[in-house]
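Next up is one chain by itself, shown in structure tokens, the form predicted on its own.
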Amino acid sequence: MSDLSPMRVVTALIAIAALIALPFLASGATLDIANQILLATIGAIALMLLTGFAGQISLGHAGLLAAGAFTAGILAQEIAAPFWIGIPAAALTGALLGVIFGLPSLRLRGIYLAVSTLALHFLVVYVGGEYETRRGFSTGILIDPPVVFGFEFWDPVAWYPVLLFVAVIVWLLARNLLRSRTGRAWAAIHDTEPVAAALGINVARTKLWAFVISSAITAMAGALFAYYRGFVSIEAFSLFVTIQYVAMIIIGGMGSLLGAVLGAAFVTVLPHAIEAASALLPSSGGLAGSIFAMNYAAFGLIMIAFLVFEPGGLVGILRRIGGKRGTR
């Protein structure tokens, strides 16, 4: 089946039409979930580039999101920096952290690399917590809604086209990057580093670039999250957030940009689905305090199920369905 097959063209047109029509048909609560999916998509694509394509393990994703969010929050609080300064500054902060914490990847691999990136999370959480404490922001840093050309972004309806635009741009940049020499070098390193080096690829520089690019995109996603929510609190960036993003790329399908999108949508909607299903049960009142624990259990069971029964993730399922249809 070719890339421009009628089925794929029709599917793409339907998806585009649905995305355009959504703000006119959906409620504010539904649009809020859609915006959460778009934010998660940006962060999931960044992690997919690093882990799914370049083969570098990272457990510092929540720390990078926090770094971007706090960069935007601190600039807004201290110097009243506008939206168009906070976002690039957050990306630059992420890129710098990518260099610092990407350097261990030149010598460490596997679980040792994962532990070293975990230090990034604890460092950012400590610095962010210290800033909150010393400045007296016990409930978080408040951020005024961004104003662009006199238009204030304060509700999900106004934010939806902005986040959709950014998510599409990030997806296109990632797609073109993977088709470039850098993307092919990542693929070679992901397969076998000694062979990649034998082919003349600068392994150290290529791995470092993976961390820098992924970290910059992740921090930008964190800044967008901060502006969207209107506040920054270190409590929003626990290790569970990292687990969620790892779940996104596993459930969606490793080594696929579409997998990052599908995984982001699945993991974002799952807690809401569990909450809605729990509300339908006769004893829903007694389950209110167990929703968070149920989310933890659901993520664990679903990740195990996909790793054991469907390593290709949601993308693998779609490809298998498409293959069966193509043989009829």
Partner chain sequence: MQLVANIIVLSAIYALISCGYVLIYRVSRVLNLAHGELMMVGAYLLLMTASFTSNPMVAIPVAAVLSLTMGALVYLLLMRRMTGESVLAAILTTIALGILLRGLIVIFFSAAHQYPAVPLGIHSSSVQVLPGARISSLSLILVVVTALVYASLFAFLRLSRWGLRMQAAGQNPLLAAQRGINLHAIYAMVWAISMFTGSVAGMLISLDAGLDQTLIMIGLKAFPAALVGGLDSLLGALIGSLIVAAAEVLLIQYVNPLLADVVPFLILIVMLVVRPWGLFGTREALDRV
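Bear in mind the structure is a predicted one, so any value in this text is a computation, not a measurement. Numbering follows the first chain given and starts at 1.
Quick note: we don't show the form predicted together with the partner chain, though the next part is all about it.
A single residue from the set 76, 246, 97, 257 has any heavy atom within 4.5 angstroms of the partner chain in the predicted complex; that residue is 246. Interface residue among 168, 85, 119, 106, judged by heavy atoms within 4.5 Å of the partner chain in the predicted complex: 119.
Contact annotation: residue 57 falls within 4.5 Å of the partner chain in the predicted complex, judged by heavy atom distances. Although the partner is absent here, residue 89 lies well away from the partner chain in the predicted complex, with no heavy atom inside 4.5 Å. The partner chain is not drawn, but in the predicted complex it has no heavy atom within 4.5 Å of residue 270. The closest non-hydrogen atom of residue 274 lies beyond 4.5 Å of the partner chain in the predicted complex.
Relative to the partner chain in the predicted complex, residues 111, 126 and 297 are all within 4.5 Å by at least one heavy atom. The partner is not drawn, yet in the predicted complex one stretch among 68 to 76, 247 to 255, 89 to 97, 160 to 168 has residues with heavy atoms inside 4.5 Å of the partner chain: 247 to 255.
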